[in-house]
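Below you will find one chain, with nothing else, as structure tokens; this is the form predicted on its own, and questions on how it binds or moves follow later.
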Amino acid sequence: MTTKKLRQYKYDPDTFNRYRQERDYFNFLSGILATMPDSMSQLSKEITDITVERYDQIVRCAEEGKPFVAGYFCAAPEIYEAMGLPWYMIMATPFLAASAPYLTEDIDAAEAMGLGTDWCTACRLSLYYIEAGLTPKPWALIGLIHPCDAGNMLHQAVARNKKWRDVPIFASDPPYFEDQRGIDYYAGELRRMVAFLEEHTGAKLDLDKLREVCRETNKQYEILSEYTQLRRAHPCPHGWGVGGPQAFAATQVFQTGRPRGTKWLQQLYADAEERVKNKTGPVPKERIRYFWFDLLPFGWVFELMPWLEQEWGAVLVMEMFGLQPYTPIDLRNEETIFKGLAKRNLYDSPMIRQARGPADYFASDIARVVKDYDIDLVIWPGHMGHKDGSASTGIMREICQELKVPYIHIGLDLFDKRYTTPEECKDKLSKFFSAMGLG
């Protein structure tokens, strides 16, 4: 029996210039947070430090000729962890570096390259970074052909990219309906993904290690679920500055199945618990409890979210990535583990859950959050790339009317603040708040 020879990885230091720049930017942010003694800043600092460590790990792997992969949070990162495969999210830069000073220049450069401006900015930027040689070339790529057309287009464009033509690519085929047949099918797709990774990286999956990782993620999601219950309190203990997005980054990207991530979640829970006990919220007087039903506007988050708190006493109580529908994985045997991973990564993951399947998810999630968290206002930002959600805005408005809670659809770009400027968003929100008698 012969063993297939792995592709020889060629390290190109030039492709890591931007990657190191991003790492240094997060190092800079960590230094600023270190000077802030409040608990929320320290919670943010830990996530920032973890992010820097991941950047360093990928750079070391490239320099030393060790395998690393590019993938997605919704493609069972528990498997990467169990196989000991360092990985980075192919779409990470638009999100992680969104507050970086060069973001607008990158968006313009993507347009100059000929990438359509009607295409989701996150996907457009991700392809630009590959075309421009700014993204580390991995040993293998786990692609994504769901939940949206933009993600599928990115996958196809990368597969045809000349610079990455020799990078092996695999994408799991997602079933549409949420039923046992779909779970069984997707579990088989994840097994195919394991075989692909073993073939092209030389790493092997050990079932005991996978069980250990999933046991730890079960702990993480249990703590996270308990934390989200604390956000029901009046006042809500945390606002936009800490919570769902950071917890998501810890559990599904940087610390999947790792004790350090579990410890951070315990600290997040303890901080919220103390604030609930003392009836302390992010603003002196909580006047509006809103549900931001999408990603946060990463490209200009600091220009809008603090204003909502300071000007209107409006507190982000819940957002899409803070929702907790995660199902614990049954650890009894290999079959139950893979079926659990299939459900978690296809039907439970935020944004994947809503955009991949029936529009009912939008309505049911709004109804649950509005009732459970005593929401005063539902905001659908209407990111220009989330056409699947914008097509369901009528359904979302109707469910809000039934619940007797105001609903506003803004229409913006989560990364490019020139699409709808922060001032335009503020004006629209202010007029809506006043018309609805909020704040």
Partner chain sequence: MQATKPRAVLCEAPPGKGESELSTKVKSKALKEFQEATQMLVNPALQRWKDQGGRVIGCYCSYVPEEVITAAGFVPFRMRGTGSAGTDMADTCVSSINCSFVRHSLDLGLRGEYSFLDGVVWVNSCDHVRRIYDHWKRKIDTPYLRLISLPKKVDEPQVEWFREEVSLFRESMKDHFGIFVSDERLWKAIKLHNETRRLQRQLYELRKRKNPPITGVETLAVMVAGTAMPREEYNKLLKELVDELSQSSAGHSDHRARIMLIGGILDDPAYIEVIESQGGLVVTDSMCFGTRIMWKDIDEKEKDPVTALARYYIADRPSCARMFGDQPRRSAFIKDMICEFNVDGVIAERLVMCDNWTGEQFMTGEDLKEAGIPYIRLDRDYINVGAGQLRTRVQAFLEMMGR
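Residue numbers count along the first chain shown, from 1. This is a predicted model, so every value here is computed, not measured.
What comes next is about the form predicted in complex with the partner chain, which does not appear here.
The stretch from 260-268, 203-211, 77-85, 139-147 that comes within 4.5 Å of the partner chain in the predicted bound form, counting heavy atoms only, is 139-147. Under a 4.5 angstroms non-hydrogen atom cutoff, the partner chain in the predicted bound form has residue 398 among its neighbouring residues. Remark: residue 284 does not count among the residues lining the partner chain in the predicted bound form, judged by a heavy atom distance of 4.5 Å or less. In the predicted bound form, at least one heavy atom of residue 156 sits within 4.5 Å of a heavy atom of the partner chain. The partner chain is not shown here, but in the predicted bound form it comes within 4.5 Å of a heavy atom of residue 388. Only one of 171, 249, 242, 223 comes within 4.5 Å of the partner chain in the predicted bound form through a heavy atom, and that residue is 171.
With the partner omitted here, the residue from 344, 275, 231, 356 that has a non-hydrogen atom within 4.5 angstroms of the partner chain in the predicted bound form is 356.
Contacts with the partner chain in the predicted bound form, taken as any heavy atom within 4.5 Å, map within 177-192 to 177, 181, 182, 185, 189, 192.
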